[in-house]
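So this first bit is one chain, no partners, the form predicted alone, shown in structure tokens.
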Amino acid sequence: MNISIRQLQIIDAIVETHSYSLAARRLHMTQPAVSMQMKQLENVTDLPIFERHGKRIMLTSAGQKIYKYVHGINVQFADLEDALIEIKKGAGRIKVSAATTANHLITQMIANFRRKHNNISIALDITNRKQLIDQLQKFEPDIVIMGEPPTRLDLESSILIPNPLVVIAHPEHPLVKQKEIPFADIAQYEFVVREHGSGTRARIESFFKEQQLEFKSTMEMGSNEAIKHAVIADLGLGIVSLHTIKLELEANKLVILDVENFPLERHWHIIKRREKHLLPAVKSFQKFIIKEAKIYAKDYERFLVK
């Protein structure tokens, strides 16, 4: 049976875009070429692979069974391409994805790694938890840096460093100079928080529930950057990762409040799919950031309220 890798890549692109034209654009092909390749594949297999549902192109029942193998083959082929590049050039390419709150952490690690390994290229995607889980399901990144790992996937996961959550306020907030503030006092104020689905948001709501206190929010934000700006504007208190506010603390634009039971301890994890083969360049990067992260963590301990 004559089936090409290009045809399998086209199937992947159509499944992800639900469109022949968008799949063609992604693969730098023409739409007629994509349609022709799919027609040839259906003739070879004697099976219908796609069907139209309104304006969307969807897998048929036969196509769904085929796709289980197609995506895995495409992932392995991409790994083969990476391996060939590494063998031919003595270099490598690493795909890293990280939670938005780990942005500063991972960019620091990459910068330090690249100073020693400038022949290795790194593709970095900073995104939310939902997208990270989706990427892990598709075997896309080599390594993921995120908070609590999802439980339903077959993963290799290890704790990288602590990721403490702290209560932040405007420097002129009335609670700034108080020590060991009871959490019940803090809970009376309104908070600027991340959107639903965020790992940080889930941990905050869980903590309020544990304390049997009502969680009040004035605004929901899609990023920690937005939360920081809102708290700087005195729109409410915030609970964020300590690793996201270094510059603001040093510039005295934000203050960490001394609140009982804080910081809330979370951790950054370094994660990969168990079945995913890591090339030597990725293994080198993984080993490097595990070592480097400990130095990074110590630099942040000085900001915690004593």
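Predicted model, so just to flag it, every value in this text is computed and none were measured. All residue numbers are counted from 1 along the displayed sequence.
The form predicted together with ligand PGA exists for this protein as well; it is not shown, and the discussion that follows is about that form.
Asker: Taking heavy atoms and a 4.5 Å cut-off, does residue 74 contact ligand PGA in the predicted bound form?
Answerer: Because no heavy atom of residue 74 falls inside 4.5 Å of ligand PGA in the predicted bound form, the answer is no.
Asker: Is there a heavy atom of residue 95 lying 4.5 Å or less from a heavy atom of ligand PGA in the predicted bound form?
Answerer: So residue 95 does not count as contacting ligand PGA.
Asker: Examine residue 129 and determine whether its closest non-hydrogen atom to ligand PGA in the predicted bound form is within 4.5 angstroms.
Answerer: Yes, residue 129 sits close enough to ligand PGA in the predicted bound form that at least one of its heavy atoms falls within 4.5 Å.
Asker: Counting only non-hydrogen atoms and a 4.5 angstroms cut-off, does residue 266 reach ligand PGA in the predicted bound form?
Answerer: Yes, residue 266 lies within 4.5 Å of ligand PGA in the predicted bound form.
Asker: Among the candidate stretches 179 to 187, 97 to 105, 206 to 214, 228 to 236, which one is within 4.5 Å of ligand PGA in the predicted bound form when only heavy atoms are counted?
Answerer: It is the stretch 97 to 105.
Asker: Ok, 168, 160, 109, 146: which has a heavy atom sitting within 4.5 Å of ligand PGA in the predicted bound form?
Answerer: Residue within 4.5 Å of the partner: 146.
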